[in-house]
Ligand code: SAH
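Taking the form predicted alone, here's one chain by itself in structure tokens.
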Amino acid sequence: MNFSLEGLSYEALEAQLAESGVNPVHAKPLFRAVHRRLLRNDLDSAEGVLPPLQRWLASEQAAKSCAMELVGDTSSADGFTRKYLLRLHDGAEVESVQMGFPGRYTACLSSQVGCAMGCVFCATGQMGFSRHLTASEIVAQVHQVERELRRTQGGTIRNIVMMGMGEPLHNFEPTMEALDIITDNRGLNIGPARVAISTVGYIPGIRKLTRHSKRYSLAVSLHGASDEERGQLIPLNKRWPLVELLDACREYSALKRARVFFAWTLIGGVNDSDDHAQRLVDILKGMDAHVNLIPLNPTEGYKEQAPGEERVRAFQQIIQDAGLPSTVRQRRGIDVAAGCGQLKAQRVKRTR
């Protein structure tokens, strides 16, 4: 079986039913049961599921639920962050993160097992690349987080960030298929405006995203304002240098009429000086941009540290004085390795 119910869009489900000799009208109650009620079992007894659909669900030709097992679940001491370790059908494991507070919950999703981009300070990049996730495996992560929110908080996911393990634009088609399902108003109905896709500068994917029918937010990791400095942190920069990346971002902003969010991981003594801040301002001049500053989160494979709070604020002040909006990312989930750049598909006990 090469497909699962979680990975079928509404239109794909209609087509699958028609191919199996079932009236496509039955897609509506099944799609609702899978993507709104989040059922995996007992689908045949769900509201609106009539005998023709029940017979199809019982048949060998029917799509099955995505094989994903929760094998680890760790809550942070911050009270806002919860990390899930999920095992896939082939034994590979990925992590998803729940963040936020009542009314503003966010699910951080993975798009690959590992990552091929090799960013030196990122735990996922340090583990290398194994494979892409399917659309169903991406959607199943959302379902896992949503089920737990409903069960434990009586809440629901408001935002999606494709900022977990992997480079989502390197796995473009499955990621877009998954997001089409997640944003469908017949299912979870998380609007495209509440979806952010993070990239380290995979330009072919940025150009595809620019021409995609839906407008998702684009978040681009910079971390360096020159090719030499950025290339030391992000190997991909040697393939697609800054001038090409910024051109692609300007094109996205112009055609989508949207702001681009740039992430800058602040590393003490590496890219946190006043000069670095001024050069960042210079390369973003004239662009509709917002800068997210992220004090470095620790990983076993990288020895550098985050700068102190005073240096972070001084860096931000230079950016803001130049008229660029900027936010310092709150450091949450660090004690369970759930912070930005820390995901590595391993069991982590909360530190005290």
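Source: prediction; values computed, not measured. Residue indices: 1-based, along the sequence shown.
FYI, the form predicted together with the named molecule isn't displayed, but the following is about it.
Using a 4.5 Å cutoff between non-hydrogen atoms, N297 counts as a contact of the named molecule in the model of the complex. Residue contact check for E137: none of its heavy atoms lie within 4.5 Å of the named molecule in the model of the complex.
Interface residue remark: N237 is not counted as part of the site for the named molecule in the model of the complex, having no heavy atom within 4.5 Å. Remark: S198 counts among the residues lining the named molecule in the model of the complex, judged by a heavy atom distance of 4.5 Å or less. You can rule out all but one of 89 to 97, 262 to 270, 278 to 286, 171 to 179: in the model of the complex, only 262 to 270 has residues with a heavy atom within 4.5 Å of the named molecule.
Of the candidates Y84, Y105, Y216, F121, F121 is the one whose heavy atoms come within 4.5 Å of the named molecule in the model of the complex; the others do not.
M163 is the sole member of V113, M163, V145, I203 with a non-hydrogen atom within 4.5 Å of the named molecule in the model of the complex. Contacts between stretch 221 to 237 and the named molecule, counted in the model of the complex as any heavy atom lying within 4.5 Å, involve S221, H223, listed in sequence order.
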